[in-house]
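Structure 1 and structure 2 below are the same protein chain in two forms, each given by itself as structure tokens.
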Structure 1
């Protein structure tokens, strides 16, 4: 549960908080895409901008590192895999060129993740859902309101499921089930009771939703584009343009 509660929306009035959630999504897609091909000027500019925005939104560096710690392990693995080359035999070779290249790759990947964290830290879940309906409505073959409701259910149930899983693990420890060596038995003991509980709860949820006349059409929060959104989109386009400078 700790992983979830530490990572989430922090209220505030910073520039990032005031942007429309749809704008933030679009910026994330645009900058995230350009990032993978960006040169050092673009990456530097983007890091500086994100740093300033993150500071404005009250996000500290220690929190950022704490939230990306698993991802940082992966980055280290990628860095080593790229920096070390095996020249013909089993002797590893490390050159300055390959270290620089590996560093660039890791820098890009890290920035992409930081943007995701900034989005979650500055946007309410209800707004993310409303933006989702707006984005999905023109997509053919997708019931946007149903999809948004389902995403909403995931958000509400995730902490509950993690809580139940932790409770179950404790109950099993009390009965020494966790000391069984057979990995198959342990996978089964972890999964079957959890699924059984969750799916039996689903029947109650369905009855409760029906009793309250659930339908796809419910009131969503109003989203409006402001001048700030236009300015930030323009700024993002200018930063992106530096990626294509010679």
Structure 2
């Protein structure tokens, strides 16, 4: 499955692989939050940093773009919706200001998605789960282990769902379903079988977990902060500070 999609853990010894999973989640929350309001300097620095870290982690940019192509289609729709304005007489108007604003919005959303992919690609699911338990345990009213298990299952099975979607798309292309002119029919032929397979897979997984007496109270891997985590958090704060430059 690792050869079929980038949305899965890839073993390695890069900087991202050696960071504590709690640090990576804090960086994702910090940089993702600042990214939504960041200026062009912050976005440029963050893009450069993510590019270097992703290359160090062995992630191919071309493959990343290929795997996120459906999200890129969505960004194109967002770009058009943000760039095109309508005058009082409902005439579409496009200005350089609206194009720049739309480009910034898409740039921010893309960086947030890339940060999530880097987190998943360089962190084992068990470590993501352990970090979530560490974060959620002090929160009252939240079953931290159950919440972490749910997130871990989503992360683990997201590549499988994407693989099934790609497999079904190829099967439909072989049957010329993608040439139908009715977009609603194409959407129904794509989504209904996919959701059916996902729900059947979820049922089989739940049955398998019950058969093996699965419990949320499993032994979690040990997590340790290191000097590299401190340096990474400091660097992230410095990059975040550029978002508030005039």
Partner chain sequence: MESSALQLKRMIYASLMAALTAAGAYIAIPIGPVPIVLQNLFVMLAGLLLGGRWGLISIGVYLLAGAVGLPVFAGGTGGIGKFVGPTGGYLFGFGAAAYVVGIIAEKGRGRVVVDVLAMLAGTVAIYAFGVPWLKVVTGMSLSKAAAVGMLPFLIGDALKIAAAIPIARSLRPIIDGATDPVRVAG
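Numbering follows the first chain given and starts at 1. Each form is matched to the other, and the largest set of C-alpha atoms that superpose within 1.5 Å is called the rigid core. Values in this document were obtained by computation on a predicted structure and should not be read as measured data.
Between the two isolated copies of the chain, the form predicted alone corresponds to structure 2. Assigning each C-alpha to whichever rigid part's superposition fits it better places residue 230 and residue 123 together in one part between structure 1 and structure 2.
Rotation of the smaller rigid part against the larger between structure 1 and structure 2, from C-alpha superpositions: 19 degrees. Fit the two forms on the rigid core and the C-alpha of residue 209 turns out 7.1 Å off between structure 1 and structure 2.
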